[in-house]
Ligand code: GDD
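Okay, so here's just one chain, in structure tokens, the form predicted on its own.
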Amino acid sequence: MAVAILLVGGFGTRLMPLTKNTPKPMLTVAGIPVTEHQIAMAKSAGITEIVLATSYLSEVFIPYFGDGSQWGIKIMYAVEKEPLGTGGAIRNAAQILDTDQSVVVLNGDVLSSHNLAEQIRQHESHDADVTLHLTQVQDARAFGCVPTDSQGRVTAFLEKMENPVTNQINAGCYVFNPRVISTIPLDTVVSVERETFPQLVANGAKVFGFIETAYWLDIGTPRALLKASIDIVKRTDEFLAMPGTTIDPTAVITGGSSIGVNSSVGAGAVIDGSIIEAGCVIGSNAHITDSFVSAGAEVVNGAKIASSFVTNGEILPIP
């Protein structure tokens, strides 16, 4: 068995303007918040307890997720007064768990469909200190790379370089032995990626890579968030309409668009490759392309919106 920590405390600077009023883990992807996708992944791997490590706009999580009973998983909350970095957040949240079980750390910036249960199994079979999910990319120059030896042990954490020694990169999901977490100082800003992991490798600790190339996406930019939603929707259909949605029969919805709970789409409206959040009203003959319409927003009749972030008060370009 394992327990989990989900890091959802970042400011989401790269996702501006989408994160102007909403923390990035509560932004909608394929009809539900990013965090809900990650909780479902944890549950499917057999995890029954998860701590949401929050900071920025932390007050929005509890009303939505509560104690987790709706999802069949126990949800607890660790709120940082000041952001502590990935390592500090993990150490802070681990106090609530107080466990000798493996601790899975999920990253709020990532959507992945890799086999988390197998990552946990391999971690425990190696009695590893940490096991990292590694994925392979065509061009690793934009990432730091993580080489492994023939036994799967991580040999280095390398910064971005023009000629990477491997196309394996850190995919942002970790399984810790709790003895390692206890060595991270409390109430201190620490990065596990820049400090903890390189130091463990340098000290000869058992740091393993779990290499799997299942679907993986860093959703840290508006374009990436839209792509993630479209990818998920298109696995099963051309668009997704959540419960309570009303769509006029003459409306055309395509490109993996998702329409949130209790939204309405008027006659002749065209929506392509876009996310419409809950409670939105899309007017007749409005055209919306490659855009994100935030919860409760109203798009007037005949509006032409492309590559934009829409609220009731403003329409901002998506970079």
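We number the residues from 1 along the sequence you see. Being a predicted model, the structure only gives us computed values, none of them experimental. Rigid core: the largest C-alpha set superposing within 1.5 Å between the two forms.
The next section is about a form of this same protein that is not shown, the form predicted together with the named molecule.
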query = With the partner absent here, would Ala53, Gly85 and Asp218 each sit within 4.5 Å of the named molecule in the model of the complex, counting heavy atoms only?
reply = yes
request  = Taking 4.5 Å between heavy atoms as the contact cutoff, choose which of Ser112, Thr196, Asn177, Asn170 touches the named molecule in the model of the complex.
outcome  = Asn170
request  = Could you spot which one of Glu80, Asp231, Glu124, Glu212 gets a heavy atom to within 4.5 Å of the named molecule in the model of the complex?
outcome  = Glu80
key: Close approach of Lys74 to the named molecule in the model of the complex, 4.5 Å, heavy atom   = no
task = Find out whether any non-hydrogen atom of Val8 is located within 4.5 angstroms of the named molecule in the model of the complex, and reply yes or no.
result = yes
ask   = Within a 4.5 Å heavy atom cut-off, is Ala89 in contact with the named molecule in the model of the complex?
value = yes
ask   = With a 4.5 Å heavy atom cut-off, would you call Lys160 a contact of the named molecule in the model of the complex?
value = yes
request  = Look at the stretches 141-149, 112-120, 198-206, 237-245 and give the one with heavy atoms within 4.5 Å of the named molecule in the model of the complex.
outcome  = 141-149
message = Phe143: after superposing the rigid core, is there a C-alpha shift of 2 Å or more between the shown form and the other one?
response = yes
